[in-house]
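One chain comes next, on its own, written as structure tokens: the form predicted on its own.
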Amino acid sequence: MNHTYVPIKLRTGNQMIAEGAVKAGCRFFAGYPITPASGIYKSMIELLQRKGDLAISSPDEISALAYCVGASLRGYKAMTATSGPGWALMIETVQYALMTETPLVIAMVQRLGPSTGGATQGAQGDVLLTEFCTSGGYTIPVLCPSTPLECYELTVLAFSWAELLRTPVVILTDKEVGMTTESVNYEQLQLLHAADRISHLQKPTNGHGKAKTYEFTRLSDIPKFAPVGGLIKVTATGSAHNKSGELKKNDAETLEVLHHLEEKIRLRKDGLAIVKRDVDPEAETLLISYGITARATEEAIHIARKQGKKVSGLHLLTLFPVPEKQILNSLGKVKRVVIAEENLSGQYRSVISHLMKTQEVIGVNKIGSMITPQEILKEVL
């Protein structure tokens, strides 16, 4: 009898985020234990230590992200992980990373809020808090996996985005995705490779022998990176600054830098849009979902089609920048759009509803337990 070896392992989403981070070349992790994200903390300490890299326990979430900023500015790929209460503490440093164009990956595993909420109760209530945490409303790329496999793949991708765009990137999951143990077929893992940041290879010869920390020509350009402590002097500040990193306020060059922070993301938003489409060209109902709720939605689509109903599905893996083209291209003949979310008010629905000019938009919302396929089916035409 021939036996074919299939490399299947039992893994949680949290473990796969850690494995994806190591695959992407992450060499520094700092974190503070918090349910339901502690599995990432534990796995990173185990995995990085084996490689001779550094994972440390910080005294709090503020310090954790600040340590990661320091490591990244020194030139190392870095990640932290937290949940809603920890994210609230990190927000000031998230903005510092955005302002200083510091590549970072932050895994945010949602639980029921507000405040310390329910540590072991899942939710999808941090969508708006995650994206709209910056003064000025700058876009932070947010990826949202729904399975352990996607946790791995999207974490590798998050590092590529962070490094190439010089910006913080968030992996937004939830308690069920992060803590549920499932079988993962490692043969299905794509041969992924995370990109590295574009760095100065030598001292510039721009007439002065000096590099500007944030030098760019077009607003959408990504400044080349120079590590703190390297051959090139680096001036970084979280305050408004010019291209040299010098603290300024509202002169033309400083305002140009502020516009650049958003434009480098906005111009690339279509390339950052990742969705899974399950389209019936005759569908009258479109189900839009993300995270753990996408799995209930997929089952609802399967049941609806067995009942003879015409329905399409759009599973969002990129939440921000909003994948507008993919959403619009999925509308077709649709009369009704159903958006299921495990939060009170339909947070993501509030962001995308304006795209549905002629469709009725229905929210399926719930807190305290997961949304079932049957609850979604009630809204299918």
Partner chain sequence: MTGTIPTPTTFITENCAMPFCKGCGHTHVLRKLNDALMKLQIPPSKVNLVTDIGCIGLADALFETPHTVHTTHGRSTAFATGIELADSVLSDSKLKTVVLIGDGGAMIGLLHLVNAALLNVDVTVLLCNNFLFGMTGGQHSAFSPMEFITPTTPDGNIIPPIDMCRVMLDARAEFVARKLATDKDLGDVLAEAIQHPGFSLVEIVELCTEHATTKNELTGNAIRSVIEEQGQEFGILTNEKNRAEFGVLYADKNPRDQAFSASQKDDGLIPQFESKLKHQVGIVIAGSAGERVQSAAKKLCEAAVMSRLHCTQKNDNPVTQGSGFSLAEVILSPHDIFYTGIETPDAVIVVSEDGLNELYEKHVFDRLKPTTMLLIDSSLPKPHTDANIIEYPFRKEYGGAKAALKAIELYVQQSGLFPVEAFQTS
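Given the structure is predicted, the values throughout are model-derived calculations rather than measurements. Numbering follows the first chain given and starts at 1.
The form predicted together with the partner chain is left out here; the points below concern that form.
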Counting only non-hydrogen atoms and a 4.5 angstroms cut-off, does residue 292 reach the partner chain in the predicted bound form? yes
At 4.5 Å between heavy atoms, is residue 263 in contact with the partner chain in the predicted bound form? no
Check whether residue 332 has any heavy atom within 4.5 Å of a heavy atom of the partner chain in the predicted bound form, and answer yes or no. no
Is residue 370 near the partner chain? Define near as a heavy atom within 4.5 Å, in the predicted bound form. yes
Considering non-hydrogen atoms and a 4.5 Å limit, which listed residue (259, 193, 210, 277) is close to the partner chain in the predicted bound form? 210
Go through 119, 198, 267, 128 and name the one with a heavy atom inside 4.5 Å of the partner chain in the predicted bound form. 119
The partner chain isn't shown here, but in the predicted bound form, which of 80 to 88, 136 to 144, 292 to 300, 164 to 172 has heavy atoms within 4.5 Å of it? 292 to 300
Partner contacts for 21 to 56, taking the partner chain in the predicted bound form and a 4.5 Å heavy atom cut-off: 27, 28, 49, 50, 51, 52, 53, 54, 55, 56
